[in-house]
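Take a look at this single chain, the form predicted on its own, given in structure tokens.
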């Protein structure tokens, strides 16, 4: 633990000093939201305020060394989340140095492996299979973590990279290491990687991912997880994930545009029965998304997570109006639909929520 704290503190101080000295303009992103939620199970109607605040210090976009320090905190009076450590507030704090033959990134940031807005089987670093997400957020997967990453270019759009994840406990046997290879095969981008890290027990993860364009962009990924202490064939089969998606942006006359996205996540050895599903064994999930912008300042969105095998869904609709530069009014409504015991339902703390607020970036 001490070693990890020293590493984090050293990187943070270095990044902070670097950021203060070399930052262009600090960027503040602030969302102030008023939420009204209704819980059918208890028939409670609740109202509260929420805030999402992010302050970024980004270095100049030039030179061989760049970096960013970003602090972020979220508060919702309906579901208060305590801040237990400074790590909860540090969203990003990293340096990125470009050497003649390789690039080095050190600090807290996000490394993207594979493709997918909501579902991405190739995301073996953070995991992108959970349905516990806020569909009203612009960015559905944004988790960051401490790491050291070395990227070694191998040619045009080809590279190999290694990643080191410091121990969460201070014990050397709990650290994580991994790597990936990325290249092109014709018009198709191909990548594959491996990661071992300590979760409940030490696990080994492997993935492969493809991405291309057939008019719409398409992407496909698959991964498995092997438990080092109990590498049973049954558990490996249950861990097998396949994800895929299509994305297309259609530009219409004037300033109008329409974006369409459809993603899927499958567990081939999950529960393929038309009955109530659990998140851990749900065999098939779909994520459709439609965003329509009639003008450059106005947009409407419709998102859903569908569980076709129990006919339940989480649905979200939203609107955003950029009244002034950097300032927008936003509105969202989200609700689950399904029977008791389904993946999405009105049981327990599930609620329909209406959120109204403003977003300001300056």
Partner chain sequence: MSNRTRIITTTLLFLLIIPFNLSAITAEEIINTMDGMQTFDTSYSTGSIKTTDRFGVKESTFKAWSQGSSDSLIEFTSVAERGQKILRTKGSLYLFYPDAEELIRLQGAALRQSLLGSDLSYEDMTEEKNTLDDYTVRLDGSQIVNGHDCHVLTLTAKTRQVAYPIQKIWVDKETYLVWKAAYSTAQGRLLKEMEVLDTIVVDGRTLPKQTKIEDKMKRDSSTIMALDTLEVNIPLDRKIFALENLTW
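The shown structure was predicted, so the numbers you read here are calculated from the model rather than taken from an experiment. Positions refer to the first chain, counted from 1. The term rigid core refers to the most C-alpha atoms you can superpose between the two forms while keeping them within 1.5 Å.
One more form of this protein exists, namely the form predicted in complex with its partner chain; it is left out here, but the text below deals with it.
The listed set 36, 313, 322, 293 contains one residue whose heavy atoms approach its partner chain in the predicted complex to within 4.5 Å, identified as 322. Interface residue among 187, 275, 88, 199, judged by heavy atoms within 4.5 Å of its partner chain in the predicted complex: 187. Taken together, 27, 98 and 153 are fully in contact with its partner chain in the predicted complex: each brings a heavy atom within 4.5 Å.
With the partner left out here, its partner chain still marks one of 170 to 178, 128 to 136, 224 to 232, 108 to 116 in the predicted complex; by a 4.5 Å heavy atom cut-off that stretch is 108 to 116. Proximity of residue 94 to its partner chain in the predicted complex: non-hydrogen atoms within 4.5 Å are present. In the predicted complex, its partner chain lies within 4.5 Å of some heavy atom of residue 65. Its partner chain in the predicted complex comes within 4.5 Å of no heavy atom belonging to residue 356. When contacts are judged by a 4.5 Å heavy atom cut-off, residue 76 does not count as touching its partner chain in the predicted complex. In sequence order, 189, 211, 212, 213, 217 are the residues of 189 to 217 having a heavy atom within 4.5 Å of its partner chain in the predicted complex; the partner itself is omitted from this view. Core-superposed comparison between the shown form and the other one: the CA of residue 47 stays below a 2 Å shift.
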